[in-house]
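Single chain ahead, by itself, as structure tokens, in the form predicted on its own.
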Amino acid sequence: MMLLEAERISVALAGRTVVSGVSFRAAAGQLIALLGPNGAGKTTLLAALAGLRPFQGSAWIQGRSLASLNRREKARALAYLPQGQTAHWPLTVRRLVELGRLPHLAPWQPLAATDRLAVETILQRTGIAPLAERPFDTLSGGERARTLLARVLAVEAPLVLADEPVASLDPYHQLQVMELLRDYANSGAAIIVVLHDLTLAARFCDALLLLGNGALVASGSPDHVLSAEHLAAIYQISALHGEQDGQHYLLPWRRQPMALGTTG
């Protein structure tokens, strides 16, 4: 089942084209990494697909135009985790995660048993159940990141857009989050995740989208997208490749000289 179809998405900010003509599809069961160097347009593209930035082109979610969905329909159909998100209220972890169930409730309706079960399940799966009664503003950066991801997954939306969900996590919790996203996709959802870690992308994701200067340079399997040619052209690096436990991995290894006129 196709959950997201994006056709020629373009975004301009302050008169400058940041995303240019990007097209791709995401099916149920897919975990797709959105890759590219700093400034490639990844965050802008994800925000556009979440309906938070005006764009040219077309986007369909479960066969319906993104523009045709009302706020409640959109909140149920997709869950969005922005980069560097925080919370400014003195809420406990449990209460913050419970906010993920709001799209399923009428105004002022209390949580039902099914909502509480969904919250408890995601608290356990993200490993933050021991923090459930802690105020959010007392948590470490990594604990906050996992709490905000738990709130997004508590929505139980068929489409998840996550912008760098592992950026502030230690290696143990990076693996935990990628395993969690992999399992969520396997349950029938589609996930688009912005990553800078090429090793995690190669290991956990079904397909990759590689952006360069706002345009889609390559898409497809990790082996195709993370080719030596693409890594050299877009990242100016070479990498080591290997296999462990039947899984392919990639390790960025050496910088290459940048082409004249490029920036880091």
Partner chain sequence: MTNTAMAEHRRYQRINLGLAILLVGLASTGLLLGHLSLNPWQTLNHLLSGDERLAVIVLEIRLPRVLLGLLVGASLGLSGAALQGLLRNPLAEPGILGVSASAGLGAVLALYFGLAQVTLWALPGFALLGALLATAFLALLAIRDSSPLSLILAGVAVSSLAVALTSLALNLAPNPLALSEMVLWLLGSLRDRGLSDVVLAAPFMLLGWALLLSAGRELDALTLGEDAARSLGVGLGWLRARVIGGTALAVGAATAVTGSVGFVGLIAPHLLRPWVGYQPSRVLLPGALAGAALLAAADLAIRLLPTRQELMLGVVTALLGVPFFVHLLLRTRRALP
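Positions refer to the first chain, counted from 1. Note that the structure is a prediction, hence the values are computed from the model and not measured. If you superpose the two forms and keep the largest set of C-alpha atoms that fall within 1.5 Å, you have the rigid core.
Only in words, not in the display: the form predicted together with the partner chain, which the text now covers.
Chemist: Would Leu96, Pro110 and Arg116 all count as contacting the partner chain in the predicted bound form, using a 4.5 Å heavy atom cut-off?
Modeler: Yes, because Leu96, Pro110 and Arg116 each have a heavy atom that approaches the partner chain to within 4.5 Å in the predicted bound form.
Chemist: Name the single residue among Gly142, Pro103, Pro158, Gly127 that comes within 4.5 Å of the partner chain in the predicted bound form, judging by heavy atoms.
Modeler: The residue in contact is Pro103.
Chemist: Using the partner position in the predicted bound form, report whether Leu78 sits within 4.5 Å of the partner chain, counting heavy atoms only.
Modeler: Contact check for Leu78: yes, within 4.5 Å of the partner chain in the predicted bound form.
Chemist: State yes or no: in the predicted bound form, is some non-hydrogen atom of Gly51 no more than 4.5 angstroms from a non-hydrogen atom of the partner chain?
Modeler: Contact with the partner chain, yes.
Chemist: How about Leu91 - does it come within 4.5 Å of the partner chain in the predicted bound form, if we only consider non-hydrogen atoms?
Modeler: Within the cut-off, so yes.
Chemist: Taking the partner chain as it sits in the predicted bound form, is Arg151 near enough to touch it, meaning that at least one heavy atom pair lies within 4.5 angstroms?
Modeler: Result yes; Arg151 sits at the interface with the partner chain in the predicted bound form.
Chemist: Mind telling me which stretch in 214-222, 52-60, 232-240, 198-206 gets its heavy atoms within 4.5 Å of the partner chain in the predicted bound form?
Modeler: Heavy atoms within 4.5 Å of the partner chain in the predicted bound form occur in 52-60.
Chemist: Aligning on the core only, does the CA of Asn186 end up 2 angstroms or more away between the shown form and the other one?
Modeler: No, because once the rigid core is superposed, the C-alpha of Asn186 moves less than 2 Å between the shown form and the other one.
Chemist: Taking the rigid core as the reference frame, is the Cα of Glu73 displaced by 2 Å or more between the shown form and the other one?
Modeler: The answer is no; the displacement is under 2 Å.
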